Structure formats: C-alpha cells, structure tokens
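Single chain ahead, written as structure tokens, the form predicted on its own.
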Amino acid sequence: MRKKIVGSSWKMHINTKSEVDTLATEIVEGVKNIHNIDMFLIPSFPLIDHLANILGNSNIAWGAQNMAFVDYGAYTGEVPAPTLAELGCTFIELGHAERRANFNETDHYVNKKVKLCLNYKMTPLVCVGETKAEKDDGVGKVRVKTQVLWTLNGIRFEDVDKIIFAYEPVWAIGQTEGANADYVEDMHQFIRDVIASEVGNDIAQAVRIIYGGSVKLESAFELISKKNIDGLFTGRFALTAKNYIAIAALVSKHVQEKEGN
C-alpha cells in the first residue's frame, strides 16, 4: 500500500520568522500523534533553516519550493542541491505551474532538476497539469503525458518510485473550487498508465501521485478515498494550523480505517 501524504507549500504567504514560529509550532503540536502518513511543509528559501529547527524532532519533513538545475557554477541568485541537502530538505517541489508560467521553466530543466534531486538523495515532487485552454481543446492529457515523460527521461528504473508526482490542473490552482474527485482520479490513473508504459506496471504501482489545486477540508475525504490519489498538496487553505491539522487528521483516520478492514 502506497503511504499517503499531506503536504503544504507556503509560497510567499508566510514570510517572517515569527509567522513560521506560530504556524509550524501549532502544526507540530496538532499532528504529533499522527504516524501513519507522510507530512511535509515547504517554506521560502531563507526560512528553511528556521523551519528545520522547529520540525527537527517532529514527524514532519520539510523541503524547498524550487532548486537550481546545476549544483555548482556561475548562476547568480539560484539555490543549489547541495545547499538544500545540507539543510535537511526531503522534498523539492519542481515544475510548479507558476514557475513554468512566470519564470519560463521548461520540461527539459525540470528533468535536469529531478536527476539532481535523486543524486543528492532528496525526493523530487514534480508538478504536472494542464491549462484551461488545453483542457477545453481536449489536449489536457497530451500536455500531462508530455510532462510525465520528460520527468522520467533518463531516470534509472530503480529510481522512478522515488519521484512523487503532484497533479495540479492549472485551471484549479487558487480557485474557489478545485477539480472534482472523479476527474482527478481519472487523471491520476492516466498518469500511472503513462508511467507503466515506460517502466512497467510494478514500478508504476509504487509511484505516489498526489493532488493539489484548491484542496479544502470539504473535498479532502472524497479525494483521498480514490484508488489512485495518494495524498493532498495543500495551498492557501492550509495556511492556518487548524486547517492543516484537520486535513492531516482526516487522511490519517482514512488510512487507519482502510488498514482495519
């Protein structure tokens, strides 16, 4: 059984040490008894070390919202893999729709970053998803397939299940309502089928695929109950400790009930 995940990227919403102190400390306390799912928090780069000091003895991992595509060199302003590894980062978010749209990140560079993550024993959390125009034109799956295949390009078979895919339809990010659970399940099954076509079904079944895109407590149970949805990648909703704790508790309870059957 693939282990469920609840993670949150803070983007540029939590920007001071005092905000990190308040939010992270409350979350640590609220989820301290949850051990049957993976949990992580991803702050902005300068706050990683501060967050790590709070999460260090907890059951919550931390990571980064991006990473340079090379580990050394004259790339002013970039943050390299060895730095993030030394800071104890587990999860590195790559290829987010905002990075692709606002900073011209390409599938080629996402693939380079995935390989670096694996080289430095960190987990690539690769965001894939279609725009509204692509969805409306009936080519959404073509776009997602392209992103998945680029992610896997040149990756050793034994490393594929170390990658986590975050399906985030661009048209659902930051909206009042996310994609409905049936649509997400269909896309997750499609992603798994694409992976299987490249590396075989056994490996594909071990890869975790999580959903992000306006996740809320009201939609969390239906999403996490689907066969191919292995976790939730939360945004604005989980910027309060109460909400993050509530989603983590819901997912944990679901896992406990499934294991009891």
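Not measured: the values here are computed from a predicted model. Start at 1 with the first residue shown and count on from there.
Note that the form predicted in complex with ligand PGA isn't included here; everything after this is about it.
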| property | result |
| --- | --- |
| Partner-proximal stretch of 59-67, 42-50, 213-221, 26-34 relative to ligand PGA in the model of the complex, 4.5 angstroms, heavy atom | 213-221 |
| Interface membership of Gly231, ligand PGA in the model of the complex, 4.5 Å heavy atom rule | no |
| Interface membership of Glu185, ligand PGA in the model of the complex, 4.5 Å heavy atom rule | no |
| Contact flag, Lys253 vs ligand PGA in the model of the complex, heavy atom cut 4.5 Å | no |
| Exercise: Glu98 in contact with ligand PGA in the model of the complex, heavy atom 4.5 Å | yes |
| Listed residue that, although ligand PGA is not shown, lies within 4.5 Å of it in the model of the complex (heavy atoms), from Ala181, Leu149, Ala85, Ile173 | Ile173 |
| Contacts with ligand PGA in the model of the complex - residues in 148-169 whose heavy atoms fall within 4.5 Å | Glu168 |
